[in-house]
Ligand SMILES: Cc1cc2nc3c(=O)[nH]c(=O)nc-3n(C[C@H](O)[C@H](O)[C@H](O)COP(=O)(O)OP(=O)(O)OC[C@H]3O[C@@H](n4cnc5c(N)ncnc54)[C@H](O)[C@@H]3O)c2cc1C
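Shown here is one chain on its own, the form predicted on its own, set out as structure tokens.
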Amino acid sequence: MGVTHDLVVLGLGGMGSAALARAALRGRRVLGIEQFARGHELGSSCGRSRIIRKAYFEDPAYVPLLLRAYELWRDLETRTGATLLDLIGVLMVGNAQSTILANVESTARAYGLALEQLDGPEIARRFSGTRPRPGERAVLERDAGVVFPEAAIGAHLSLAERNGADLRFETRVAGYDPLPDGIRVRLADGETLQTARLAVCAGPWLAALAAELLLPLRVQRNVQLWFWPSTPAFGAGRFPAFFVDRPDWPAPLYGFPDYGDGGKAALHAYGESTVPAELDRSIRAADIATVADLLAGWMPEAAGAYAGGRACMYTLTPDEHFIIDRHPADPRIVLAGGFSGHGYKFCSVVGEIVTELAFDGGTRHPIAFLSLHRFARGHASRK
């Protein structure tokens, strides 16, 4: 069998759909393969809302990628007519010892990003119903807010289709084999395809699909919950997205105002380890009680009646930085994964990076810190 595609993308969630769209815009023969149905909620790219922000506490090295991500999200809106961003601001709350707030401020200084400083009384005055603790303060980043993940995936897939991409859903991949004249992709039903290049954007399934690399990935169950607020002050357009860091909490609490289906709240990077096939997708009473109790401690009227929940997965690297790199044994294969619960906002630029790595042999973007080489024995961690 000869090469039938210039690029095959495995996984059509946030990252894979973006890569497929960017490759299709180049006029390439591209195919995207997804194991689940179109619009599924079984991976890591669901949940109606994701925070997008520039003053990045995780590492200032992400800021150049974020600046380009914002541009590409707006480009996608222009190309498709979809509304994908709502820059309602992000309120980051913590005490004087909060490393997260200190890192936000350090990143903002390094890149000249605008932040508003608020003390506890000002938080309570500006955002009715909040309960800042004594000694707490906040920074408000106005050029930040929400990206809508399901709408963004849909927009990327539509853009890819309009530019000639082929899409296959409910199609499971068994593996891939590098060959001298291409890469053979083996499907679970016995069919094989051949492509010149391959992008593996398989989310929680990345370690299994690229098993030869022994990637040090851990999958974590994370629960997103919605509650009916008892105040209009928590409605969209009146309240920003938020991230509250308190030392006696099991993890930071983040959330979003009510867009019509309840306000959303969740604990960041909190949950037990799992594997995708064994993920407990049910919402337990303890899940609800834990988040509701913490939300009530931040904004009591936001923690009203339970409106619904969804379990998703974080795919964590040891240092909680992404993996975006070419395969060490075959540069025709690009891997993007391990987004560690803070990657969705980057989908638009990751799609561009994956496409550049696949077709150009490199990328204009500064991603050396996301290389697979950092997992080599004896290599120092950035964290």
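This one's a predicted model, so the numbers in the text were calculated from it and none came from an experiment. From 1 onward, residues are counted along the sequence shown.
This protein has a second form, the form predicted together with this ligand, left out of what is shown; the following refers to that one.
Exercise for review: Spell out, yes or no, whether the shortest heavy atom distance between Leu10 and this ligand in the predicted bound form is within 4.5 Å.
Suggested key: Because a heavy atom of Leu10 falls inside 4.5 Å of this ligand in the predicted bound form, the answer is yes.
Check your understanding: According to a 4.5 angstroms non-hydrogen atom cut-off, is Pro64 in contact with this ligand in the predicted bound form?
Key -> Pro64: no, not in contact with this ligand in the predicted bound form.
**Study point:** Contact flag, Tyr254 vs this ligand in the predicted bound form, heavy atom cut 4.5 Å
**Key:** Contact check for Tyr254: yes, within 4.5 Å of this ligand in the predicted bound form.
Exercise for review: Verify the contact flag for His327: yes if a non-hydrogen atom of it lies within 4.5 Å of a non-hydrogen atom of this ligand in the predicted bound form, no if not.
Suggested key: No, His327 stays farther than 4.5 Å from this ligand in the predicted bound form.
Review point. In the predicted bound form, do Ile33, Thr171 and Lys345 all put a heavy atom within 4.5 Å of this ligand?
Key: The answer is yes: all three residues contact the partner (heavy atom, 4.5 Å cut-off).
Practice item. Consider the chain as shown here, without its partner, and state which of Val291, Leu157, Met299, Cys312 has a heavy atom within 4.5 Å of this ligand in the predicted bound form. Key: Exactly one residue meets the criterion: Cys312.
Exercise for review: Heavy atom within 4.5 Å of this ligand in the predicted bound form: which of Val219, Ala165, Leu118, Leu209 fits that? Just give me the one.
Suggested key: Contact check passes for Leu209.
Review point. For the chain seen here without its partner, which of 84 to 92, 301 to 309, 129 to 137, 198 to 206 has a heavy atom within 4.5 Å of this ligand in the predicted bound form?
Key: Only one stretch qualifies here: 198 to 206.
Point to revise | Heavy atom within 4.5 Å of this ligand in the predicted bound form - qualifying residues of 38 to 67 | key: Residues within 4.5 Å: His40, Gly43, Ser44, Ser45, Arg50, Ile51.
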